[in-house]
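Just one chain follows, in the form predicted on its own, and it is written as structure tokens.
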Amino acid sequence: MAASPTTKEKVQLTDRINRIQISPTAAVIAEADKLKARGVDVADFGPGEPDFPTPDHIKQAAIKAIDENKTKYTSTAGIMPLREAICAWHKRELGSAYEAKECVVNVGGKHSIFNLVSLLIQNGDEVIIPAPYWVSYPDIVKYAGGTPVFVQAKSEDGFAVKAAAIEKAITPKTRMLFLNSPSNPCGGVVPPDEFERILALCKKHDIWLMSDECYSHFTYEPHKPYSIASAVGAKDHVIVIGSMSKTFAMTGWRIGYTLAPEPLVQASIKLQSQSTSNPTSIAQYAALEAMRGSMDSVPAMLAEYARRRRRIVDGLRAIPGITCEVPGGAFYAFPNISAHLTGPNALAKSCTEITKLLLDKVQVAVVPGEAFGAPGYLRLSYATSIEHIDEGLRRLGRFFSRAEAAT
């Protein structure tokens, strides 16, 4: 008698879901959380979110919305005052000229990107993605049936991709270019003049330029917040992805937005109407206050990130065999540990193996560079306290000096 198939064998998943994997950053966080649940003291450099609380005036706006029973469905695209406020904020802060009909509110920046790719990418289409890249970009493209084409940004350029490198990757199948500046995972910032050269390429080849601006306001001197949407004649080829998550420490509120030509926005609304419907009503009213209210919290957070950046970069550079560029933006250090992966005294064969050893041996949580298309690197979020940074650096120093790596 033949054995009955297991539940796992019965479940036949689609090709599109089998093309992707769970987010590597989510996997690292899950493993670190397991240790924390057991009472283990983990030096956690994994989470890509501010450790600051959401500003009080934003929280109070959400409480007021609840008190006023603003808890019903809203328009799928988001409440009109919020769409108008996003356009006004983006114009004031970043020099664009969008109207509410060119804005849709999404359930976080990742949702904005997922919708966009679903609208524009079909089987066989190519999407150029500079590497190192945010972990979700390739998988979102693959899910839609597209092909990610990677272009390497060089560490000596501060991980800011060049137009010349992008041009070499363009083919007749190229449909879109993703550009994240400042970037996750390496803090690369594309200068405005280079950004405009990239836009010119997109116009020449009729390619969409998706500008992921989720870290726009976390840039360090000499860089300034910048949007390619402010360039003359940009709007026909540019799609802006924005988020409340980083700038306003609102990661859990899940509010992002898309600024794009009206036909794309209408298509996004159509897709959203059949998937998520509207973003959470209460979160929208909180976001409205973020767009209209004080931004005093932003320079305060940036100043603290700058202090932490100096501490973590200096600390990593002091560890033998590790080099680290100074990030131009965001809140990630991206050290090169390749010296510890080669030769007779190599600690491991890959950064993925290193991250497992770090968690096991010295209880440090980091994300491996392979997740970002950058073998030989680690990503460390310094959105944590100086005390935690110092303790994590001490543990990393012990590990990479071999004091605890082999025990």
Ligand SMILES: Cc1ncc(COP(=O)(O)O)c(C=O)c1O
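Heads up: residue numbers just count along the shown sequence, starting at 1. Just so it is clear, the structure is predicted and the values come from calculations on it, not from any experiment.
A second form of this protein, the form predicted in complex with the named molecule, is not displayed here; the remarks below concern that form.
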key: the named molecule in the predicted bound form: contacting segment from 312-320, 211-219, 284-292, 186-194, heavy atom within 4.5 Å   = 211-219
message = Please identify the residue among V238, A85, I113, A144 with any heavy atom within 4.5 Å of the named molecule in the predicted bound form.
response = I113
Contact residue in the predicted bound form, chosen from P335, G78, G158, G108 - any heavy atom within 4.5 Å of the named molecule = G108
Non-hydrogen atom contact S245 with the named molecule in the predicted bound form at 4.5 angstroms = yes
message = Even though the partner isn't displayed, in the predicted bound form is Y226 close enough to the named molecule, meaning a heavy atom within 4.5 Å?
response = no
ask   = Is W134 close enough to touch the named molecule in the predicted bound form, meaning at least one heavy atom pair within 4.5 Å?
value = yes
ask   = Even though the named molecule is not shown here, does T258 get within 4.5 Å of it in the predicted bound form, heavy atoms only?
value = no
